[in-house]
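Heads up, the chain below is alone and in the form predicted alone; it's given as structure tokens.
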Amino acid sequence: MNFLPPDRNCGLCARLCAFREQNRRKYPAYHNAPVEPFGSLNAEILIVGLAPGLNGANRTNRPFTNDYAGDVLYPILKQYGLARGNYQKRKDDGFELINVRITNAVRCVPPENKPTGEEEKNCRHFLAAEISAMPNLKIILCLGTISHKNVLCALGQKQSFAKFKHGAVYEIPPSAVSSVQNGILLADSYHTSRYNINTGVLTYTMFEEIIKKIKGLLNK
């Protein structure tokens, strides 16, 4: 299945469109459009975040790039052999992912980093198409509850099937709604946001343990 990302001027969400136009006037050098995923569709691991940050991915057009969450995420991926190069908070910094693809549940930056349920639903078919277009996909890592909820929906599963819990891993059964077959694992982690790190909800060690667990599951 081919994956077609949203158009630069995607008009599915009126509130996000208005915010986009406001940011295009305020920050003309920013990307200010749906953010492209990062990494190959042939990867075995898909990491799904919440939405682009205003001064992060919305600026750089690469998920988690130029924001605190990326400062946590990318060095740990490199430490465990899932990336190479020097992360310098720019799309053109030469940093590369290894066997990993990174995307977001919502592709456009929302005000206060809080998409509405309708906006999540409007964007969900892009996530579903992206998952279906990954022929080697084995593990989806959800960063946070919104990511978890939308991945379950994209895979045609009820929310009751798998409760979000940091460190949890679930095997996804086949569904008539999704072209993904059995064997896909869904793993959960708290988001690598500044708030979670500063409050101790998530520590570097906790996130390292998640990445180590994923690598171990891949090798089984």
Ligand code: URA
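Numbers follow the displayed sequence, beginning with 1. A quick note: this is a predicted structure, and the numbers were derived from the prediction, not measured.
What follows is about the form predicted in complex with the named molecule, which we do not show.
- At a distance of at most 4.5 angstroms from the named molecule in the model of the complex, none of the three residues F126, I131 and M134 contributes a non-hydrogen atom.
- Contact annotation: of the candidates L50, L152, A43, A187, the single residue with a non-hydrogen atom within 4.5 angstroms of the named molecule in the model of the complex is L50.
- In plain terms, the part of the chain that comes close to the named molecule in the model of the complex, with a heavy atom within 4.5 Å, is 58-66 out of 24-32, 166-174, 153-161, 58-66.
- Residue N104 is the only one in 88-107 with at least one heavy atom within 4.5 Å of the named molecule in the model of the complex.
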